[in-house]
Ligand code: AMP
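Only one chain is included here, represented as structure tokens and corresponding to the form predicted on its own.
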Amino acid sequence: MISLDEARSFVLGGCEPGPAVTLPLADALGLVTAQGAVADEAVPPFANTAMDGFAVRAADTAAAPVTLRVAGTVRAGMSGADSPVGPGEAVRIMTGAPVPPGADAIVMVELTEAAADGSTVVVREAVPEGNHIRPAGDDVVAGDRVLEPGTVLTPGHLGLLATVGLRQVDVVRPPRVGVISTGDELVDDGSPLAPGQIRDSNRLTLRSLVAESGFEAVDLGLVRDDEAAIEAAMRHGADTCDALVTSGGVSMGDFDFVKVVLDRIGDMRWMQISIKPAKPLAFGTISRADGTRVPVFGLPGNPVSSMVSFELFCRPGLRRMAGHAAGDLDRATVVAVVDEPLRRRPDGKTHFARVACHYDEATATYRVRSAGAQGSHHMAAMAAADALAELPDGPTVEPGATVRVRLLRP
């Protein structure tokens, strides 16, 4: 067996970031920037008011309360140049409107009292120069670098790019991921089970995990145990997708059609990893006609094992292909206190127990308990789990001990 770290290093080494593409801002949420972005415009582009009120000369308010003549009105969207402020004058102004020539301060409307006919206004308090004025370039100066390469784009980032006049952004193209199931024993049409048949749940589960991770999941279908059919499906997947995910047929000693085909058309490594569940894993690449190579994740067939394997290897590999940084490939981890025994025995492996996790406000700690039966076929417990507890090799983890926990849900 090999260590978890060795297996992850091998997988991640075969998952290179994808090419850069240019996308409209509206299509780039959650993607990773391939290049930095530089502002061509200042933000704000002109000095403007942060308040509704009156644009004034600060010196005219020094002896407040004072009465000033109202010389005009400036609304957002107007130039302001047609309403200059002279000595003893004020201009009514709305939030976001440009500060008119001659004004050097804004008096908020709450500190004023306008005459009924609007011809004059009483300013009740003195204001300093610059009061409630947002200078041009106060947020961003033209030429500022507003985004670095490797930035995961949030709504705030996209808003910033739109604010400086950018309409599109260069990002790492996220992988398109094909998911395939094989096996004569699998049924996916809802028909009654014949002797020896089982439902194909892995394909739906893995497609859902791919989609939840933020990538396009492509259903490559259920393929029967036929070498030619499996090879055709694999080659089609490699030609149309950026990565392939299969489940089953990766255990040592299996003579499986998937293994036969992948050994013939791919460059695969078949691994036994010192973890439980998800000990077997296959990873490698298939070459396209153009010479590029498509990563293939061969996950174990037991449903819980395939989900755990996805979390430990497939998800971080796909995120690396999407341009995410090395420290941002996995889900969040926390240290949690064990509330009930997490049973195991020494076997040379790290166990990933399916647990229910909650945050205890009273003690400011995360706490976990078993989500149920821990067999690699026990999907009810997997569905109930919201975290994986990492149990080092050794005996049962007793209540009160702490474990590292990988959160499966926010």
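The first residue of the sequence shown is number 1, and the count goes up from there. Being a predicted model, the structure only gives us computed values, none of them experimental.
Note that the form predicted in complex with the named molecule isn't included here; everything after this is about it.
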property	result
4.5 Å heavy atom contact with the named molecule in the predicted complex for all of N202, G248 and D256	yes
I198, heavy atom within 4.5 angstroms of the named molecule in the predicted complex	yes
Contact test in the predicted complex: E185 vs the named molecule, heavy atoms, 4.5 Å	yes
Contact of P303 with the named molecule in the predicted complex (heavy atom, 4.5 Å)	yes
Interface membership of S181, the named molecule in the predicted complex, 4.5 Å heavy atom rule	yes
The named molecule in the predicted complex: contacting segment from 149-157, 96-104, 263-271, 294-302, heavy atom within 4.5 Å	294-302
In the predicted complex, residues of 150-173 near the named molecule [heavy atom within 4.5 Å]	none
